[in-house]
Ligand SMILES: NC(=O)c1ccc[n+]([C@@H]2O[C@H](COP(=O)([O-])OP(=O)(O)OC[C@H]3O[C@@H](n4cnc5c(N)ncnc54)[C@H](OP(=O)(O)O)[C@@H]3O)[C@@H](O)[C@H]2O)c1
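Read the single chain below, which is given as C-alpha cells and is the form predicted on its own.
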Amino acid sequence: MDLGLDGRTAIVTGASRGIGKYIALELARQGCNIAICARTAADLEAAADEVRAEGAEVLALPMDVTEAGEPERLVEDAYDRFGRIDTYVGNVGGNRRGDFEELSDEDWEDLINLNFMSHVRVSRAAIPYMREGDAASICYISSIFGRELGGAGLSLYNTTKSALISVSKVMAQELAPEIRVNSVAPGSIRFPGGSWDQRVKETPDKMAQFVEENLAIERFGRAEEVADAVTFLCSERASLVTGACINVDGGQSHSLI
C-alpha cells in the first residue's frame, strides 16, 4: 500500500529511543525526511544514524522542548533544512508518580510542560508552515490512561495524557480541512531499555502474571506496532480520519469510547 508520504517532512519529538525512534524509522521507510529531537545528544545521534540507514535525510537537534524558544527553533530549523513541514508527531513525555495531596506545584508544572505544553508550542509554531502544503497532519502520543483511569499515584500522568486527547479533538475541528489532528493511545509497550522491559527482566514471574491478567493478546505490545498506527494516521490513506484517538493496546483498555 502506497501511503503517499514520499518526499514529505515529519518532525518527531522524543525520538532518541523507544516509540519515538520507531515512529521516525517507519516514516523514513515511507519516504519522509525526518527532523528529530531529544535531550541526550549521543542517544539522538545514534537514532539518527538508524533513520539515515533507511534512506532518509535527517536533522537531529539535541534540545529540551520544555525550554523557552526550543519548540520554535525545532520547527524553524526543520523548515530551513527541508523547505516544508507536513507532519508533527508529538511523542515526548514522561511520568512522575505520587499521591495527589503530596504533589507540589513544581511537580504539576514540570509534567504539564513536558507532556502537554511542549506539544502545544511545537504545533503552534508548525501550523503556519503546514498550511503551505496539503494533506498535513498532527498526531499526539497519549496513552490508554488518557482515556480511562490509570490508578492511584497517576494523577499527573492521567491528567496530561487526557489533555492531549482533548486538545487534539478541538484542534481537529479548528484546523479542518487543511490539517488533520489525531492521537494514539498505546497500552503496555515493551522495547529495549524501556520500563516494561526492565520490569520483565527484574520480575519475570510477576510480569507473566500481569500479561495473563491484563493483555488480551497475551503479550506486550511492540513499539513497531505503535509506529505503524501513527504512520497510517499521518498518511493520505487516513484522509477521512481526524479528531480520533486510536488505541494500540492489544485489548488492554476498558473504555467504551
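Values in this document were obtained by computation on a predicted structure and should not be read as measured data. Note that residue numbering follows the sequence shown and begins at 1.
There is another form of the same protein, the form predicted together with the ligand; it is not shown, and what comes next is about it.
Though the partner is left out of this view, A24 does not reach within 4.5 Å of the ligand in the predicted complex, counting heavy atoms only. When the ligand is considered in the predicted complex, L114 lines it closely, a heavy atom lying within 4.5 Å.
For the chain shown alone, F191 is a contact residue for the ligand in the predicted complex, at least one non-hydrogen atom being within 4.5 angstroms. Taking non-hydrogen atoms only, V92 approaches the ligand to within 4.5 angstroms in the predicted complex. Screening 101 to 109, 153 to 161, 170 to 178, 131 to 139 for residues having heavy atoms within 4.5 Å of the ligand in the predicted complex returns a single hit, 153 to 161. Interface residues of 52 to 67, taken as those with a heavy atom within 4.5 Å of the ligand in the predicted complex (partner not displayed): M63, D64, V65, T66, in sequence order.
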